[in-house]
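Listed next as structure tokens is one chain, alone, in the form predicted on its own.
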């Protein structure tokens, strides 16, 4: 596939005695949507700051389009757009003024700026708010504007830290479509997020970070096959007992049973629909079924499985 857009190799970062990044390594191929996944505090933002040359690592190597961001930062930003988590934008400016200021920094002519700004404001749904002070924007509107700002220089790689955080459902759907269109235009997306179900709708490849250490990386299909193979039957019963849970776990086609109140999430070892067998089994155990739903596993459940196993796929 040619030279990777981004190479991170053996990255180490300390804050005092705290190791924020522990030999982090991954590659990002051109034309992909890469999901960088982890809980808050896992090391996602520190990784991004290191990639952009904003935080110097204590060890390791980073290359963006073959460029060392610490030796040639201006060349890097010719190719990269960045939207931070919870962006702080100049509240005294209007959206148009902010994008115009940003475009000037990239050397766009006045005519080019006018055309580009209109395109971007339409793209993120803020054209009707172009002359409104940013300080009066909602949190979701600020997030939209930050993404527009990241696209001003028409970058080849767009790095976004929690891009859909604070967006309402309609805006989230809008940006899903936008991200897919960016890929069709030949761009590469790096999306850092703890909203795993949202990433599942977008990403082709993922890396999972936990306490500064990469615990899994590969294609989305890889992680779902290895750690979320099979499916789940969600069952609500009148009364859950330890005996019932133990009996379910002993069934040959059951991988795990998670319990929350009167609700059971029965993880199956395959995609075979076992609702009939489970209904009979629960009836024989004297359980009263209140609801019964069969579904495929989600990336969030796969991620939790990765953490439980340390990145080792469970046996079928």
Partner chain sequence: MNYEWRRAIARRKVLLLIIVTVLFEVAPFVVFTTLREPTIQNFIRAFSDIAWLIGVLAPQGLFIHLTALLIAAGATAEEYEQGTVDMLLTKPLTRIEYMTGKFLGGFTLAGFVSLLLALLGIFLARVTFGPQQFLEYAPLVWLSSLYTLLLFYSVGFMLGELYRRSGHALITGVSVLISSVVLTGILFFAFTLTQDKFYLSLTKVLPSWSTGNLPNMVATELFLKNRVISFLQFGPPIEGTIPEAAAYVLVYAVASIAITVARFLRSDIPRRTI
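Residue numbers count along the first chain shown, from 1. Worth saying up front: this structure is predicted, and the values here are computed from it rather than measured.
In what follows, reference is made to the form predicted together with the partner chain, a form of this protein that is not presented.
K.L.:
Just one stretch in 181 to 189, 197 to 205, 83 to 91, 109 to 117 has heavy atoms within 4.5 Å of the partner chain in the predicted bound form, so which one is it?
P.N.:
Correct option: 83 to 91.
K.L.:
Should the three residues 74, 77 and 105 be counted as contacting the partner chain in the predicted bound form, with contact defined as a heavy atom within 4.5 Å for each?
P.N.:
Yes, the whole trio is in contact, each within 4.5 Å by some heavy atom.
K.L.:
Determine whether any heavy atom of residue 267 comes within 4.5 Å of a heavy atom of the partner chain in the predicted bound form, and answer yes or no.
P.N.:
Residue 267 lies outside the contact set for the partner chain.
K.L.:
Is there any non-hydrogen atom of residue 149 lying within 4.5 Å of the partner chain in the predicted bound form?
P.N.:
Residue 149: contacts the partner chain in the predicted bound form.
K.L.:
In the predicted bound form, does residue 30 come within 4.5 Å of the partner chain, counting heavy atoms only?
P.N.:
Contact with the partner chain, no.
K.L.:
For residue 53, is any heavy atom within 4.5 Å of the partner chain in the predicted bound form, or not?
P.N.:
Close contact exists here: in the predicted bound form, residue 53 approaches the partner chain to within 4.5 Å, heavy atoms only.
K.L.:
Since exactly one of 172, 231, 217, 97 fits, which has a heavy atom within 4.5 Å of the partner chain in the predicted bound form?
P.N.:
Only one listed residue qualifies here, and that residue is 97.
K.L.:
Tell me, out of 63, 255, 274, 49, which residue has a non-hydrogen atom within 4.5 angstroms of the partner chain in the predicted bound form.
P.N.:
Contact with the partner chain in the predicted bound form is made by 49 alone.
K.L.:
Going through 9 to 38 from first to last, which residues have a non-hydrogen atom within 4.5 Å of the partner chain in the predicted bound form?
P.N.:
Sequence-ordered list: 13, 15.
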